[in-house]
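Next up is one chain by itself, shown in structure tokens, the form predicted on its own.
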């Protein structure tokens, strides 16, 4: 029986509704009767081991794949062939490799490409280019060829091109998997700012613990079904769930466990600041003599 999410945002209208979704590939059932409701403005992270159905789920939401059975509704509109263009225009999709998304000879051309397909006036196109280039710190890179950019710059450029089309839903499918820790943190900071400032509905598929922890909600898939659905801080401390999804335990959680073995029990948490506060409070409550003797 999966651990289910207590929807604090249930009063908000759902941006995405999946009802009994099943996806069959040949004789293999990839997704088995999935039902998920994602309120508008929520950040949902999806985790699971390879083959659990994460990317299939993302492609179904974007209309890149068609469900074998069940219904998908985006902002109240059924995802059907006659509505596919309207639905896709509301969803931005970022792939793991930004090189798969570049079309233009410069970053500026690449951002402009989607806007030109929307038949926007030239003045509005230029305004959006400048707005999203500034937002993602790309202004000085607008006339650079995408191939000359670093991994983090490429991913920000791909993100700018998608955001400039002003989707209401943004899906990132392992978008940080090819980045080193510095660029991964940089992109995560961008996502956190966008989530707060623009109230985007975010869906991020990842194995990165920091990225999973940053979300409002975590859905863990296993063998095509929902294994758990809840708050990241509640799920990522459960060893059996981490093992099932082949996730490494957060460092701060391992620290809490090691401290307990040393006789310092501050509970378990994946929140670094919370753990630091508890440690500081513990040290502050002890006398200097006690601290010295403990050393």
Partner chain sequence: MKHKLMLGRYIEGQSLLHRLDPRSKLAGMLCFIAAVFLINSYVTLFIGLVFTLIIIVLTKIPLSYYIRAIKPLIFLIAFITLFHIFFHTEGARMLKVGVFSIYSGGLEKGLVAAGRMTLFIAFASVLSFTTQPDRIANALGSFLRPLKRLGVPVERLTLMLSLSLRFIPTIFEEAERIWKAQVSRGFSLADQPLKEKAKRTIALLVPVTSSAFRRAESLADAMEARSYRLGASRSQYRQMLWKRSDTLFVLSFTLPICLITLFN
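Positions refer to the first chain, counted from 1. For clarity, every value in this text was computed on a predicted model and none was experimentally measured.
Below, we turn to the form predicted together with its partner chain, even though it does not appear here.
- Heavy atoms within 4.5 Å of its partner chain in the predicted bound form are found in one stretch of 193-201, 70-78, 160-168, 214-222, which is 160-168.
- Put simply, residue 188 is far from its partner chain in the predicted bound form: not one heavy atom of it is within 4.5 Å.
- Put simply, residue 135 is far from its partner chain in the predicted bound form: not one heavy atom of it is within 4.5 Å.
- In the predicted bound form, its partner chain lies farther than 4.5 Å from every heavy atom of residue 139.
- Among heavy atoms of residue 59, some come within 4.5 Å of its partner chain in the predicted bound form.
- Candidate site formed by 205, 232 and 238: none of these residues places a non-hydrogen atom within 4.5 angstroms of its partner chain in the predicted bound form.
- Residues 117, 118, 119, 120, 122, 125, 126, 129 are the members of 117-134 with a non-hydrogen atom no more than 4.5 angstroms from its partner chain in the predicted bound form.
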